[in-house]
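Here's a solo chain for you in structure tokens, the form predicted on its own.
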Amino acid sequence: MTTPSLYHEALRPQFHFTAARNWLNDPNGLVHHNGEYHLFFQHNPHGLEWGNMTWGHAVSTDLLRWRQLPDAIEPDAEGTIFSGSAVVDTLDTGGFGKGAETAIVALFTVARPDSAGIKSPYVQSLASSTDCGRSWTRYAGNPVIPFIAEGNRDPKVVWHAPTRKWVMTLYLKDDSFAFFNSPDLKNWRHLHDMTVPGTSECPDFFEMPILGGDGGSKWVWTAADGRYLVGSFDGHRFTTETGLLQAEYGRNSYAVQTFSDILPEDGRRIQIAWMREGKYPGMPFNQQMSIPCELQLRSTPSGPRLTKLPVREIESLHEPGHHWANLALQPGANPLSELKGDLWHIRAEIEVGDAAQVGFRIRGEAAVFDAREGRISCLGASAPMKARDARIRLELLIDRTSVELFGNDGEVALTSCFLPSADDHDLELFTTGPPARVISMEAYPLRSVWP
């Protein structure tokens, strides 16, 4: 019996990033520089379970086809390397540039080793690179932020142009977070703290234009599970203008982070999550990332709200597709009965009418809209969702071990892992109760990103 080649194992996701070998978790240091997207990530180079935390490193020119490089920032005598962020210091505020080479600067948590059963403090440190992230130099003045509270970690840094300062949001403990600013990435001033009940760790913070309505922009703060706050920021204080909001409801989306330094002519806010707690028995790797998604902040009657949809680059993986329009969907019928496969991109607009439920069955697992309850469910998770003018819009990305479902143009998302039966490759579109109508639907088989 031959062993499958690397990246072609039976449970290897075919268009989601996985480490070549061993454990991964949180995305770290997401940054765009010199034509490359950099995905750093929590990596255990030595085993399939969490431990020995190191910044792994992969690069891509299209957010899909990733090339894993040697690990970037490794543990040393000071401790292991936990999560953080990275920025391109275009103005060389920290003085880390070298001639014409602009520095990428990473800020990360160093988890100091425990000694004699005593939990040692976490601190925030800095490293810089002037060769596009291929090698890193730790700052001699580390740590740049000393221990504050047990467990303080996960610094996220963003440039605030009006005050010409860097701003950091940092997890402290329990449900508390802090904000700091700095002129140079090295010397940080505490601004204020913020308590957000029901959240924990891995904060993110960014400004977004409001699409629709009167325009303008707002600042968005997210926690590890993707729940978020919208508000204003004057360079010194983040003032929240909403309660805690939610667009992501899936079972396996965590440690969400967005890219910094996307080119202005692109202008997208792109987010990746760790799809935690997936199962990959017998594989040389463990855990996967979500598909990169574009976030938008849209005007609604309730105020600005985030939407989330797969990046447009996913279409580069399309094989010739299947299309339907104005199709009556009868109970017991399955217009997808001839389709077989593991990798799909499906978009559908469905007029629900008086149907009780409409949905897809993917390799035996259902993704269902319940019209009476006003909920969409998939792989053990559900979200509130209402038909709009008696119609719903669904988008699904199906890989070997995951289903990512986006409802009503990204108003809700359910990002979940699954472990399907090896001999079930079927797709089904179904309804219960009175018939529904497929206004339009397209289903594209997807190519693998791996060579």
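Sequential numbering from 1, following the sequence displayed. Bear in mind the structure is a predicted one, so any value in this text is a computation, not a measurement.
Note that the form predicted together with a small molecule isn't included here; everything after this is about it.
Among residues of the shown chain, residue 251 is not one whose heavy atoms approach the small molecule to within 4.5 Å in the model of the complex. The small molecule in the model of the complex comes within 4.5 Å of no heavy atom belonging to residue 404.
Shown alone here, residue 201 lies within 4.5 Å of the small molecule in the model of the complex, counting heavy atoms only. Of the heavy atoms in residue 53, some are within 4.5 Å of the small molecule in the model of the complex. Figure note: of the listed segments 76-84, 302-310, 346-354, 210-218, the one touching the small molecule in the model of the complex, with heavy atoms no more than 4.5 Å away, is 76-84. The putative spot formed by 342, 399 and 448 is not touched by the small molecule in the model of the complex; no residue has a non-hydrogen atom within 4.5 angstroms of it. The partner is absent here, but in the model of the complex a heavy atom of 274, alone among 274, 360, 259, 369, sits within 4.5 Å of the small molecule. Interface residue among 165, 153, 186, 269 relative to the small molecule in the model of the complex, by the heavy atom within 4.5 Å criterion: 153.
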